[in-house]
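For reference, the chain that follows is the form predicted on its own, supplied as structure tokens.
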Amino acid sequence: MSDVNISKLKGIVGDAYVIDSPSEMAKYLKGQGKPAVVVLPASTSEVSSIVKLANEKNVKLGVGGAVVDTQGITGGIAMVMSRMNRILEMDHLNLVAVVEPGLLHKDFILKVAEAGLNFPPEPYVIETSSVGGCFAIGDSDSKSFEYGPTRTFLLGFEMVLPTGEILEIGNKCIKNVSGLDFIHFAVGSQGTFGIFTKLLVKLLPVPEAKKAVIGTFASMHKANATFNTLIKRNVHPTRMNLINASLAKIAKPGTEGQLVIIDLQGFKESGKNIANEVASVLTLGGGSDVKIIEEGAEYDQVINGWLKVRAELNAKPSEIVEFVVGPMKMPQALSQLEAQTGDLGAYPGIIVEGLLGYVCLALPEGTDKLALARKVNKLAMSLGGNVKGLLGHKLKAEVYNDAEMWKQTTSLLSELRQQFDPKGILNPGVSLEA
């Protein structure tokens, strides 16, 4: 990038918010790419001006909340949204908030809780995930059975399109879409269709009480069997998660064995009864050190341990394989998985989200991810599921020997991206087909 371009960026955001020293840029970047400059805008108009400049000069532009992935933007611009970190409105009566995208997800949850409200989606990566990133990634998390996937908490947004134009869509009404739902179409696009600059977010009342029931098991199979028992008894808690022994030591230091975490958010009295029932099921199922946790600080410690483990796996997408099956098919899935990978308890990392039938498998060093994913996908398909995301769709097309199905999918995604971003400048390192 020329000095003229950097000079123009300084004219847009101010000298202090344009960084071109490699040592100073490093804290804002991840990956092997080498952008020419980091820029920190403070308003929608500044974001729009930067994007228009990138279009004018045909410069690649990567965007992130606190840290930008540099893939595909060598010589380009890394835009960090951390200065746009305000809650612009907290509407208690309508249970919504208007928030800027650079506010850290964990800080937003705390501020919402201080206001006596609840924002259920979990941070993707605890320390660096932003509210904008929450919706740009748009993943489901372990509370999705009770609260729904992340996208359901977005009611509208302001977005700078890859051409620099500004789009506003949505309102405070829950029922505000008829026909094509573009609000949720943008969720999960990973910043390829535009840059969120304001988000209209749905909130919920804060739960009256929070409890957790934890226990350890000698095997993944025994632990998972208790999940099936709870589901058969129509016990559907907020979270129902299982962490294998190697990760359990990270989530709760000193743990020996596979760790089960059952999270119960709701009412005080009914929660007590359910917690007692869950503790009994875990104990009868072979669990040890079964404990009901009601004290707030200890509860937070347990849940933060879960979030830490989940974040560590999310931080290395190239080193994990994720798949889903029906929750009641999980015993067969784990048995068949063990036949392919060996003892699950000793594996580098496995988490199971029991209510969602979801498994995340951390791969040993040197594993051929695609080869293993093919095996896991056939396993999951035999049980009515598949490997998660578009990788699963691709592998399913392989199983059916239907190259045309995959070609049509990738062509559609490419055409959509081309329509939004004719010059291909925005987040070029993101592949929606991956």
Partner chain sequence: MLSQAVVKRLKEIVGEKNVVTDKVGLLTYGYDGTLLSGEALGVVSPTTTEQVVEIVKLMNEQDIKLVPRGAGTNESGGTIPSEKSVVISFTKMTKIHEIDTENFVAVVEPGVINFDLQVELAKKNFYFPPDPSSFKASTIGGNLGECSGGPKCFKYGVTRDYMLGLEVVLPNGKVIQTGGRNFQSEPGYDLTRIIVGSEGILGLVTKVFVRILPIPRAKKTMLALYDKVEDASQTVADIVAAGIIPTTLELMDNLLINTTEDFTHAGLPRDAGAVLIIEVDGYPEDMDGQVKTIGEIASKIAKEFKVAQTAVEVDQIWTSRRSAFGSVARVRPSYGVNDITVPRSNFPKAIGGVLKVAKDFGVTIGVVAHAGDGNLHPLILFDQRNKEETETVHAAEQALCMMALDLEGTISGEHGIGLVKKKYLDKEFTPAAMEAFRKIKRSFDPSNRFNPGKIIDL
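Numbering follows the first chain given and starts at 1. Nothing here was measured: the structure is a model prediction, and the numbers come from that model.
Separately, the form predicted together with its partner chain exists; it is not shown, and the next lines address it.
Contact with its partner chain in the model of the complex, defined as any heavy atom within 4.5 Å, is confined among 33-41, 58-66, 362-370, 395-403 to 395-403. Looking at its partner chain in the model of the complex, residues Thr192, Asn386 and Phe420 each place a heavy atom within 4.5 Å of it. Residue contact check for Tyr358: one or more of its heavy atoms lie within 4.5 Å of its partner chain in the model of the complex.
In the model of the complex, no heavy atom of Ala346 sits within 4.5 Å of its partner chain. Although the partner is absent here, Tyr299 sits far enough away that none of its heavy atoms falls within 4.5 Å of its partner chain in the model of the complex. When its partner chain is considered in the model of the complex, Thr216 lies well away from it, no heavy atom lying within 4.5 Å. The single contact residue among Ala279, Leu307, Leu95, Ile250, judged by any heavy atom lying within 4.5 Å of its partner chain in the model of the complex, is Leu95. Residue Lys329 is the only one of Lys111, Lys210, Lys329, His221 with a heavy atom lying within 4.5 Å of its partner chain in the model of the complex. Counting a residue when any of its non-hydrogen atoms is within 4.5 Å of its partner chain in the model of the complex, the hits in 143-160 run Ser144, Phe145, Pro149, Arg151, Thr152.
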